[in-house]
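A lone chain, given as structure tokens: the form predicted alone.
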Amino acid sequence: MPSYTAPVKDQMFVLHDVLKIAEQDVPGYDELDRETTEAILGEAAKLAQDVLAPLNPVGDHEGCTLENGVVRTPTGFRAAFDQVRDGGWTALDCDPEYGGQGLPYLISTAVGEMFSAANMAFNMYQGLTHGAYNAIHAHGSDDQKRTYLPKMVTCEWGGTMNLTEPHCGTDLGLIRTKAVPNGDGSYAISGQKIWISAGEHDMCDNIIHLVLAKLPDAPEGVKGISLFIVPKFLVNEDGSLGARNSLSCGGLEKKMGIHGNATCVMNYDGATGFLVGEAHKGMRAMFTMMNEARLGVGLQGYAQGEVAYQNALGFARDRLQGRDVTGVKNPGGAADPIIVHPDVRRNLMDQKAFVEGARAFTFWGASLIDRAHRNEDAAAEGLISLMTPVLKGFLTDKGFETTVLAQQTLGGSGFTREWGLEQFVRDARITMIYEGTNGIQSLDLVGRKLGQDGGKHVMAFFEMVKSFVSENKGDAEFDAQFLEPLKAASKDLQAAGMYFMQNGMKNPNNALSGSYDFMHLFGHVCLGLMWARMAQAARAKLAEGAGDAAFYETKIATGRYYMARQLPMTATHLARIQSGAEPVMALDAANF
């Protein structure tokens, strides 16, 4: 059975040595000293390792079952959910006014990585609830907040997002679900939604569905969509549960992965719903939920890569096959462990360099969210808006690739269920699809985010890279190994943006055909920046002579690998972008 060890030491390094959170001016960060942070992460690690991880293969093998309209979760899930709930883990960054602990989103992100790596399908139940909580907190009325949020903070009540219908996914303007006024301020919601994660299950007393629907007088397209709270059980004025609402789970999807999470077909048959925010403004409210969800999915991508890498590394250290070509390393055995072989090392280094870079990128993104919300910082808001499709798209593409590399490390054993790697591959695959496919993320990046506010946010990113290089140059070795590769990659990214400006207007397909490469080019530059920052932080710790020297030396060596072996991919992506639309669009549709 696969194992998982929470990477607390590496998380602490990113939080305190790279991001230096206790020194930042973000409200609440001053309370996050090393002792406090380590205590929180240490307790989360125990729960992830001892409770959630052992249930991961159970959830995969058993899956969820639907009996007489009731969804049963796998053995042990409900008891584990009670532990997570009772420990206050669902309330970490929620508003204290509704029972939350008020901690920064960054701490919730670090804990979320552990829980997701340990058991991704399980963690989705509380993750969806947190997203629904955020949407109601941002856009709901005071009465709606008082009614629903306290129970959602504790996850006594679950939450979902209901967007997709059988005939439409990305193009939500085509939805058919109707909301008809009842005359008393409520609405009758009728329609069918599909692929609803955690749509029905047995771990919460109530489930608060957020449903997109159209009013009778709604304009055409996305401008006519409204958002509604549709609870599984109606809530009485005193907060107690009332009658069962007119909604049901019509089936469970048979999926490639995340078997432990109930992915439901939801039928609404005149169910009572309550408008959230303004009529016809539902997309704005739903995107509050979706943007957080996209960051969470990016985290899922590298978290699956992390647990897969851990198991691949353990196998590579133990598996004896062949001899090291430079000399025997295990003279007492019939063969050397496969970790001595360069190709296995390459495989493992690709995994390690990605996962650790992705963690730093994600934590930095979470810190931008905290700064945007807690400091009301418009620049941070603009930067994280720009980064969201990169975080989601790049990290899930590379996260899935990492699980495949880890599986490959095991050879034939990786293809069997016994070792668990094939589950990580299957579970990671959905991250590239849900919350907006990665192709959609790339179109959002190039079509909307790149030029947002006159392009000032991407220009701010370029200036950030330029300033880092300028402030840290002077050491010949560091310059050559980190700063020069970062400068070259940043120039590739700028050249790609310039190509879009010069060629996209006369033929939009020139930009759209290169959008996916641009997303990956941007992702590599972001990880290059993160690795340069981590290497500089490790160098500083070595200079102090404090801490684990081997840890910091390993960090620098891993960063050198990324800069030398992965970051040069920016040139390839630039060349593909500059080839334009013609190679992509050359065939008539009939000739495929």
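All values reported here derive from a predicted model rather than from experimental measurement. Start at 1 and count along the sequence shown; that's the residue number.
In what follows, reference is made to the form predicted together with another copy of the chain, a form of this protein that is not presented.
Practice task
Identify whether another copy of the chain in the predicted bound form is within 4.5 Å of every residue in the set 320, 565 and 586, based on non-hydrogen atoms.
Solution key: Answer is yes for this spot.
Handout entry: Option touching another copy of the chain, based on a heavy atom within 4.5 Å in the predicted bound form, out of 313, 138, 469, 180
Key = That would be 313.
Practice task
Select from the listed residues 385, 375, 503, 170 the one whose heavy atoms reach within 4.5 Å of another copy of the chain in the predicted bound form.
Solution key: Selected residue: 170.
Problem - 4.5 Å heavy atom contact, residue 536 and another copy of the chain in the predicted bound form - result: Because no heavy atom of residue 536 falls inside 4.5 Å of another copy of the chain in the predicted bound form, the answer is no.
Practice task
With heavy atoms only and a cut-off of 4.5 Å, decide whether residue 257 touches another copy of the chain in the predicted bound form.
Solution key: Judged by the heavy-atom cut-off of 4.5 Å, residue 257 is in contact with another copy of the chain in the predicted bound form.
Exercise for the section: Answer with yes or no whether residue 411 is in contact with another copy of the chain in the predicted bound form, where contact means some heavy atom within 4.5 Å. Expected result: Yes, residue 411 sits close enough to another copy of the chain in the predicted bound form that at least one of its heavy atoms falls within 4.5 Å.
Practice task
Considering only heavy atoms, tell me if residue 342 and another copy of the chain come within 4.5 Å of each other in the predicted bound form.
Solution key: Yes - in the predicted bound form, heavy atoms of residue 342 and another copy of the chain come within 4.5 Å of each other.
Handout entry: Partner-facing stretch of 35-43, 555-563, 65-73, 48-56, counted where any non-hydrogen atom is within 4.5 angstroms of another copy of the chain in the predicted bound form
Key = Answer to the contact question: 555-563.
Practice task
Pull the contact list for 410-442: residues with a heavy atom within 4.5 Å of another copy of the chain in the predicted bound form, in sequence order.
Solution key: Result: 411, 412, 413, 415, 416, 417, 418, 422, 425, 426, 429, 430, 432, 433, 437, 438, 439, 442.
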